[in-house]
Every structure is written in C-alpha cells, then in structure tokens.
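Shown next as structure tokens: one chain only, the form predicted on its own.
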C-alpha cells in the first residue's frame, strides 16, 4: 500500500520565529502515524533551523523551490545540492512558479532531474487553468506537463516521484473541484504514467491532490476510486488546528478503508 502524504506548503509566510512556533503547535497535536507521512514546506530561510527542531518521527521537510544548476555564478539562487542534507522533498512546478516566475516546461524538467540527481524527491505539481479547462484542454495540459517533466528520468527514478494534481482554477479562488473532476484527472495521470513507464510504476507512484484543501474534504478526496495518496495543502497548512485535523482525518480515512 502506498504511504499517505499530507504536505503543507507555507508559501511566502512566516519568519523563523513564527515557523518554529507553528511546528511546536503541530507537534503537540499530531501523533506519529506509520501510514501517514507529514511534510512541511517552509520558506528556504526557515529550513535550517527547523531541521534542528522537528521531530523526525512526525515530520519531514520540503523546499518550495530550487535552481537546477548544482553550483555557479547564479546570484540569489539556492541549488538542490545545497538542500540535500536538509530536505527529503522539493516542490517543483507549482502553478505560482509557472505563472509568476516563468518556470517553463523545460525549466520544470531540469528541476525534476536536478532534484533526483541530488537525492531529493520532487513533488511535481501539474494542473490546468480555468481557461484551459473551459477550452477542453485539460488532458493535453496534464499530458504535456507530466511527460516533459519526467522525460529525463529512468523508470526507477519515476517510481519515487510524487505527483500533485492542482487544478489552478481551484487554488485560492473559492471554487471547489468536484469529486468526479478530481477522479478523472488522477485516472488520466496514472494512465499517462502507465503508457510511459508501465502499469506497475503507475500503481506504485504516489499522486496527491491540492487545491483549496480543507478538513471536511479529506475523506471524500482520499476515498476516490482513482487512488489518491494524500494532499498538498496551501492556506490551511498555516492554521495548526486545520492542518492537524487534515492529518488526523487522513489517518482515520486510511484506517477505515
């Protein structure tokens, strides 16, 4: 059985003191669950101090971004090489990186390859915009983002990649993706992985859902037939009440299923 992952993307929020306080509060409310992996993605500035603070039985750290060159004259950038002793995961291809910082398909591909090269597991975000969905381009967008991102990896590499389906039109918009829409997209993602790397790899790779995740959505999303292995949580991950309840709800749902 694939291990559940609940990942909290803190985005550009919280200084080091605030981040430390949030970890402390989460640690009080989240128990160790063998079948649920809780991943925290604070700002790069907070990764070093939090790596010394977290209870590693409960939490793992993820970076929110990194540059695909291992070293060089790239002022202001942080490489995957610099992060490999701090984090297990790195979010790659988030819609905000694609939209605001022009992370193209090729840039995302290079970052995925650099993460794997440095022993860091990429959490690869893919998803369509509102315009793309209304234009009937959802499957084409998912296909292009997925196949390009994984194109420089071996079959064994792909087994460990985490894929997060994030419909851009449901992130911070107040619009909630319907279960049927999520199920169809995740089925299509697994179908694409199977065509590229075989059915066995498709059954092994973890696929998350992330867009407007709230505690009340957990059971419904994780119970979908497509096989969703966790959640990438945005705004709710900054609220220790909500995030701990999401983790606990995920544990209850997995146990019941």
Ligand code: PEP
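Numbering follows the first chain given and starts at 1. This one's a predicted model, so the numbers in the text were calculated from it and none came from an experiment.
Beyond what is shown, the protein has a form predicted in complex with the ligand; the following relates to that form.
- Query: Okay, which stretch from 150-158, 171-179, 103-111, 69-77 lines the ligand in the model of the complex, with non-hydrogen atoms inside 4.5 Å?
  - Reply: Selected stretch: 171-179.
- Pick from 212, 227, 49, 215: which has a non-hydrogen atom within 4.5 Å of the ligand in the model of the complex? Checked against the cut-off, the match is 212.
- Although the ligand is absent from this view, report whether residue 11 comes within 4.5 Å of it in the model of the complex, heavy atoms only. Yes, contact at 4.5 Å.
- Message: Please determine whether residue 233 contacts the ligand in the model of the complex, using a 4.5 Å cut-off between heavy atoms.
- Response: Residue-level check for residue 233: yes, a contact with the ligand.
- Query: Does the 4.5 Å heavy atom contact test between residue 137 and the ligand in the model of the complex come out positive?
  - Reply: No, residue 137 stays farther than 4.5 Å from the ligand in the model of the complex.
- Query: Taking the shortest heavy atom distance, is residue 166 within 4.5 Å of the ligand in the model of the complex?
  - Reply: The answer is yes: residue 166 has a heavy atom within 4.5 Å of the ligand.
- Heavy atom within 4.5 Å of the ligand in the model of the complex - qualifying residues of 18-54: Stretch hits: zero.
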